[in-house]
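Only one chain is included here, represented as structure tokens and corresponding to the form predicted on its own.
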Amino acid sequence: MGEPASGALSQALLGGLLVLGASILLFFSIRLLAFSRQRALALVEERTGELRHQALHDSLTGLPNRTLVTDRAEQMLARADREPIVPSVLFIDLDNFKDINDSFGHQRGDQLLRAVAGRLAGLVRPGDSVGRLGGDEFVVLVQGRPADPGPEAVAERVLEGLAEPFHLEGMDGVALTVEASIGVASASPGQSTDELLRDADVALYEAKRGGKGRHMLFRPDMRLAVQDHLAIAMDLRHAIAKGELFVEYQPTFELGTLVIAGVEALARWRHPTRGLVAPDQFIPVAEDSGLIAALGKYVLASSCQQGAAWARAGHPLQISVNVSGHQLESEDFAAQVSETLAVSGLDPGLLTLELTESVLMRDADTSVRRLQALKKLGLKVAIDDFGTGYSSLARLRVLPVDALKIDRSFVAGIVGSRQARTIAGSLVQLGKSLGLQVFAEGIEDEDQLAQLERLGCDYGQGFYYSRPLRPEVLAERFHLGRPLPGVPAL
């Protein structure tokens, strides 16, 4: 009887151990599942946070992006309804970033943008917020109190801070200097976020139009200026297509003999309702809106055809045509000029392309390459507005150019200012030392002419000799034969 009882006890004990083992296994399985679920949830939450951060922050600089900036601006305006704060927005645009990007490459450009972002974050006050809207555009949200310095003080601090040279890693010995324009707008009661941001953008546009490297506080009348700018851009697009543009020609002359030496082609626009639109109104609009290439193409074609007509009449004149930076940057510009010369029949030696000093120095190596391609066509190249840029003698020596045109700002003071006279004389001698023809722009009177002659200048142009003229008027005044009746719009 004892053995069966002992066996039963052993079986019971074994069964209990199995149940206990199963319970323990189940317990740990449940714990493991719970832990795995918690870990999975934690991973999902972590990943969701990362995605949320990525969705609201700029990937290059780590600053808040446009979405987060807009949200924070809305919160700032809502807070202003409850507390005595003055919400303001600073729109910041780097004026010379494209030049730096073109000269040193996109990798260095990105490196500079990160450095700018870091410096901006260190320039603002603790309660303010910095964001990046894209490209080289940044924004600062300012939550000032009535007793605090205004947002313009913040803008001044930003301009001063950005003006300090940037020393980037891997660019030993090279310091990059950044210039910026800033639009400032302060919220008015009941104003929406979109309206506040738009006002700051409008002020930025006015700051850049005013000469860059400055800040501008928004005024309501600025909206009208921007609307007018947009209207001119739309009308200019139609004007190019409909043939509302025309070209006038201002003669250049030999200073010693007062004999006509050539003409400079100047775009003109007669608007159907505005009347004659001044070039300083529509040329900047053409540049900002991307229409400058089409405008330049029209002026070049018109001028080449007119020059060919004068040459056929026995009066070959040197035709000078201004070229924008947008045109020079185009890879097929030399081919366009070649085709225009072929269609018009103008001798390439009678065409001079004028480019400003700042355009040529934006990327000197690329400029040399593209000018060489143009020079192969047989035409001439002149540096316009010379003396206002930052070219060095070393760079000038490698540029394939034929002439320098001294900027009118030096000519204007040449009679009453010894400094202006000294500068003009230095520019003339520089051109002579490089074997270039030297022109003076903006000659207004006989005294200026006499001073320029004494300095050894070769040629000039200005109202003293002649204003810009329609081709038929110029032909009659200078006996150039019958002018071309007209050039169709492109």
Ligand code: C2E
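The numbering used is simple: start at 1 and walk along the sequence shown. What you see is a predicted model, and the numbers here were worked out from it, not measured in a lab.
The same protein has a further form, the form predicted together with the named molecule, not shown here; the description that follows concerns it.
Using a 4.5 angstroms threshold between heavy atoms, Asp58 stays clear of the named molecule in the predicted bound form. The named molecule is not drawn, but in the predicted bound form it has a heavy atom within 4.5 Å of Asn322. The named molecule is not drawn, but in the predicted bound form it has a heavy atom within 4.5 Å of Pro279.
Under a 4.5 angstroms non-hydrogen atom cutoff, the named molecule in the predicted bound form lacks Arg72 among its neighbouring residues. Stretch-level contact check against the named molecule in the predicted bound form with heavy atoms at 4.5 Å: of 374-382, 261-269, 108-116, 206-214, the positive one is 261-269. Contact annotation: of the candidates Leu236, Ala200, Ala180, Leu295, the single residue with a non-hydrogen atom within 4.5 angstroms of the named molecule in the predicted bound form is Leu295. Proximity to the named molecule in the predicted bound form, taken as a non-hydrogen atom within 4.5 angstroms, holds for one residue of Leu255, Leu291, Ile283, Leu123, which is Ile283. Residues are counted as partner-facing when one of their heavy atoms sits within 4.5 Å of the named molecule in the predicted bound form; in 417-444 these are Glu441, Gly442, Ile443, Glu444, in sequence order.
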